[in-house]
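In structure tokens, one chain follows: the form predicted on its own.
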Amino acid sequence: MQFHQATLPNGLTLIGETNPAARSVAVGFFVKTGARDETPELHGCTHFLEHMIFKGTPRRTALDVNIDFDRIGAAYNAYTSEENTVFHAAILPEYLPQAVDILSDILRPSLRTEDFDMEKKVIIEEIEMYADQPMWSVYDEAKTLFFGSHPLARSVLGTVASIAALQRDQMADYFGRRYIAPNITVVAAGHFDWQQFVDLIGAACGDWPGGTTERARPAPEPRAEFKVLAKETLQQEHAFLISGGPPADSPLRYAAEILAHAVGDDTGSRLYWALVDPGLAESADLSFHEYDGAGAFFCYLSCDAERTASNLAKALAVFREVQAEGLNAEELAIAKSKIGSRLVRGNERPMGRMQSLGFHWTYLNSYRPIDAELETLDRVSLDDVRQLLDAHPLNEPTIVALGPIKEIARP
């Protein structure tokens, strides 16, 4: 495998990893924009815009976009997060020119008013659909409470009110400011010719506007809030516990992944043995989320309502024990094995490898071969985990519970 990198005169970055042994190629356009880059008036605009990009261009209708992807057998999609919007496709190598043509074309959308008005209804329905799912409702509430005034508190979907008030021209202005060439990285991985790829992207995207764009990166303040939301129609209680973690560019992110797996992986972790295996909770897991300039540990707990208080106490007891004593050598070794296995399996496919390449470049502006990732992971020690816990305590999280119980004493 060989890494390649180039920059077009307009500032568009291209990176790729060629693998002659692969049987397919994946390509993605990583736009460095997400919910955190919105203003209150634009809340939800980034995700809404992702939908609009598939609604047609001066060259294609929405139907044409779908048919053209289907003609080349592409597996394609897009997603929006707090920090990125990514458009991607996996195809057979001979269809790379067509895939580049379609992806680059839809990234210059028409943003027709009639499409905007129609899709607004779809977005509002999606917001209402997620509001009916307690896990997502309590997640958004907990994240908002934990991050407070920080831009990461902003939900990806927006609110019914913010989407209803959004105007087509506001979206067009946002697109013009954020979808500029220097704010986009085009990534390819798998079986392809690098020079052909550069020529294809240059011909398709060389006239995209340049310019500059900024992202606010304030440091989040540690918070330990507690909130109970009553919803009598629910049978179970759902809770999120959030505490701070290292940012995406911190060397401690490897220790953070190990800690999350040891404490809250869905099999064989401390939370699993304390709550899930004995049947006290349906779900109890811990994950690490890394962001630009920030990080957080998210614990999700769901259980029968009458067990909520005791289960929250048990989860916090696990966190406090880990905070005081750290991990043991066996937990460290098992977590490394799990993460390493998932890392290799995920990166064996061109689509998974393309995603890894894109995120490393977006956050770190660097190329990381899979062997280097494994070596760095293997070097993590118990002292590194201790350093992580000292810098980012796990034992005083923000807690939000949603369910039939009206009052719960903070454990």
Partner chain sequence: MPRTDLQVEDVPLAAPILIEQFPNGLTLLAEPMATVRSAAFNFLVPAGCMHDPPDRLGLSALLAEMISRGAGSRSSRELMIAFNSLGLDRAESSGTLHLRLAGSTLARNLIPALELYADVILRPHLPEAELEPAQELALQELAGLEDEPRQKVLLEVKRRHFPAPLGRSHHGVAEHIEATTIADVRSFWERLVQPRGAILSVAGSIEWQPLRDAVSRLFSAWEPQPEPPLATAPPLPRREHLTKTTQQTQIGIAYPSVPITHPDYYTAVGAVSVLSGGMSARLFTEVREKRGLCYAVWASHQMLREHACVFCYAGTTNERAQETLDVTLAELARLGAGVEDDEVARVQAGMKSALIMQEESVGARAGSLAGDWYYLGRVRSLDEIQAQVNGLTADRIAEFARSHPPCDYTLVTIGPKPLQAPA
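Numbering follows the first chain given and starts at 1. The model shown is predicted, which means the values in this text are computed figures rather than measured ones.
From this point on, the text means the form predicted in complex with its partner chain, which you will not see here.
Engineer: Which of 241-249, 141-149, 289-297, 303-311 has heavy atoms within 4.5 Å of its partner chain in the model of the complex?
Structural biologist: Residues of 303-311 come within 4.5 Å of the partner.
Engineer: Establish, in the model of the complex, whether Pro20, Ile67 and Pro350 all lie within 4.5 Å of its partner chain, using non-hydrogen atoms for the distance.
Structural biologist: Yes: Pro20, Ile67 and Pro350 each sit within 4.5 Å of its partner chain in the model of the complex.
Engineer: Name the residue from Met118, Ala324, Ala161, Ala230 that puts a heavy atom within 4.5 Å of its partner chain in the model of the complex.
Structural biologist: None of the other options qualify; the answer is Met118.
Engineer: Heavy atom within 4.5 Å of its partner chain in the model of the complex: which of Gly176, Gly210, Pro278, Pro218?
Structural biologist: Residue within 4.5 Å of the partner: Pro278.
Engineer: Indicate whether Arg342 is a 4.5 Å heavy atom neighbour of its partner chain in the model of the complex.
Structural biologist: Yes, Arg342 lies within 4.5 Å of its partner chain in the model of the complex.
Engineer: In the model of the complex, is there a heavy atom of its partner chain that lies within 4.5 Å of any heavy atom of Gly73, even though the partner is absent here?
Structural biologist: Yes, contact at 4.5 Å.
Engineer: Is Ala329 close to its partner chain in the model of the complex, meaning a heavy atom pair under 4.5 Å apart or at it?
Structural biologist: Output for Ala329 is no: heavy atoms all beyond 4.5 Å of its partner chain.
Engineer: Might Ala90 be said to contact its partner chain in the model of the complex, defining contact as any heavy atom within 4.5 Å?
Structural biologist: Contact with its partner chain, yes.
Engineer: Taking its partner chain in the model of the complex, which residues along 128-148 bring a heavy atom to within 4.5 Å of it?
Structural biologist: Sequence-ordered list: Glu128, Met129, Ala131, Asp132, Gln133, Pro134.
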